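Have a look below at one chain only, the form predicted alone, in structure tokens format.
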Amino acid sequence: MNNNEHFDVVIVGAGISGAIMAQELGKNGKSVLILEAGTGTGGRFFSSDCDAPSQENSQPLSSYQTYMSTFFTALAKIPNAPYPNNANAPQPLVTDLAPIPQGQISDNGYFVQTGPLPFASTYTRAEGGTTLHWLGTCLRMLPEDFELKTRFGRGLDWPISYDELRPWYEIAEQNLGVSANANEQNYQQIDNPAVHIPFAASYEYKMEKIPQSYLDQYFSKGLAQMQVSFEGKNYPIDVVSTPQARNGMPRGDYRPVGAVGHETAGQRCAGNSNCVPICPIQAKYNALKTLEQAKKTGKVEIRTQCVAYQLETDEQGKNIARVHYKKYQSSDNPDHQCHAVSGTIVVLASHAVENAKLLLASNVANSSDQVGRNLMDHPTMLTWGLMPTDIGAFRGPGSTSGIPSLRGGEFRKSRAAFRIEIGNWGWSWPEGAPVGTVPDLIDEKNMFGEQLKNYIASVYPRMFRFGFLVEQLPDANNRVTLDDNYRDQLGNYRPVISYNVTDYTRAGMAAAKEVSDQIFQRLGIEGFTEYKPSDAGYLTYRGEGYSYNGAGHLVGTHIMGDNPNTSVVNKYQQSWDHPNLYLVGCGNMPTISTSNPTLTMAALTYWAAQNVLEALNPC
């Protein structure tokens, strides 16, 4: 490699945003280089017999099935379990989480956490990004989500509207392969205009919805006509199927995209129950599929094990002149070589935290002092219990339905909204069942033989949990910063994170617990929910204790806006400070609201790709 290479576009990050951008540019004839910090699979589903090193890397090429093997042998089945730790591109792990004592710093993981509460979400630094272990939920945002400040006096307004983003939602849903029925997703059956999502009159998803689980059907019947009341207004509790980027039954002549490197695998969801942390057949979308299409254009090159560490500006400080990166040969060895490339346009697509880290390390794009600020997540509160009858726990995708009717409403003036996810996998999240709980039956309760089998058969199929994805508002004090004292094996910065959960969100958690209690009572669910001060995400609100978990929904850190003094990028996803720098990903989102953010991120990226093409081909 030489340091004089030039491309039409240099993209940092081979996750979903980088993949979408590369494919759109490549198919329009633009030369594209993607720099990925983590390792890659090279589009391989299976390992070859020899599994020889690639020409460029001394480290053997991995494969998707190698990830599966790693997952099978991992003791803790956490989101990043299939994806080996890489000291040259470290990633946060949920096993690193712990309460942060007042006035102290927690630095036992990749994140350096200054508190007062821990930021609980993780992501994957490898080719394919966090779509390697996401659940696949593809919800659109509500129209009111784009106008929080105007409508409710809270948070920020977006510089774009739902109507502007709607055609890009349709493109994203088609290209990610979303299975759903539009007449259910517009929520017209719910008596709450706030959560109505308008679809184009003739619009339909390319695949039928994923069949709802027996548990979903049980809830739908049991909660029929149920309502809850907040501030004198009644809200229905309706069970609605969840749109998902996993292959269902196609409509018309649409052909689902199966596994990369295996022509016949993954054409339909087979109902495996480990979508998180890895779909074994790739029936669920991951960014490897889009990267494969990008490579087929013949215009896109992907370089893995290349960590971007500095953006260099031109002499005037106007444009990004070069991207500097460190190329390492083995994940367990810090030896590396430094290189630089240039692009007519540079796109950062490496994740909300990693984008912010690179910008801060380079001292660019931050005239507003907003880079790294407004970090958001869905603090996810769980409730769990035993159903009065067998509901078939631990089968199928992690969730196939939810309760969306409390995603919006006038109550947002005083407290956070939330969406209720109905979980199919029993107590796997709150208690680690069955992997983490069956040994206790043997070791602590001395069960064995028929007694053990009968107990498991009578109890485990009745396990149930809710997940409440609670809205968090942008807060400048929730942020990513850098500290020279904290660097990784390659000498690159580790993210320093300051994080808290305000009373607005805590009030939403209290309301969510109230709704959960009413549903448990109506259905005769025996509650086992317990929030302990020893939980990493334990907090209190008006004297009551609650615990939150990370949703893996990292939003903010380089938000878009219509004012260069208060935002990092404009509505076109272009840096206010550097005309040839574009940022993509959830970091651009000014608010998180209640929807899983990946679909919105994808829609924004398709729009951003169009804007980049127009910048490369001015009229």
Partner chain sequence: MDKLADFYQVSVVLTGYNRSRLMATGIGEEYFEVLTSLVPGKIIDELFICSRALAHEYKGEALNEKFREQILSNDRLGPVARNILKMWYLSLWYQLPQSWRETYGVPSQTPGKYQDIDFVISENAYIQGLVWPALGSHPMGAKQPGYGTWAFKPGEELTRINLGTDHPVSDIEEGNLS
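Numbering follows the first chain given and starts at 1. This one's a predicted model, so the numbers in the text were calculated from it and none came from an experiment.
Another form exists, predicted together with its partner chain; not displayed. Remarks below refer to it.
- Its partner chain in the predicted complex comes within 4.5 Å of a heavy atom belonging to R395.
- Its partner chain is not shown here, and in the predicted complex it never comes within 4.5 Å of any heavy atom of A512.
- When contacts are judged by a 4.5 Å heavy atom cut-off, E208 counts as touching its partner chain in the predicted complex.
- When its partner chain is considered in the predicted complex, F72 lines it closely, a heavy atom lying within 4.5 Å.
- Put simply, of R415, R268, R166, R303 only one has a heavy atom within 4.5 Å of its partner chain in the predicted complex, and it is R268.
- Only one of the listed residues (K299, R151, K77, H339) places a non-hydrogen atom within 4.5 angstroms of its partner chain in the predicted complex, and that residue is K77.
- Heavy atoms within 4.5 Å of its partner chain in the predicted complex are found in exactly one of 304-312, 503-511, 227-235, 243-251, that being 243-251.
- Annotated contacts: Q212, V438 and G449 all touch its partner chain in the predicted complex [non-hydrogen atom within 4.5 angstroms].
- Applying a 4.5 Å heavy atom cutoff to its partner chain in the predicted complex picks out A270, G271, N272, S273, N274, P280 from 270-301, in order along the sequence.
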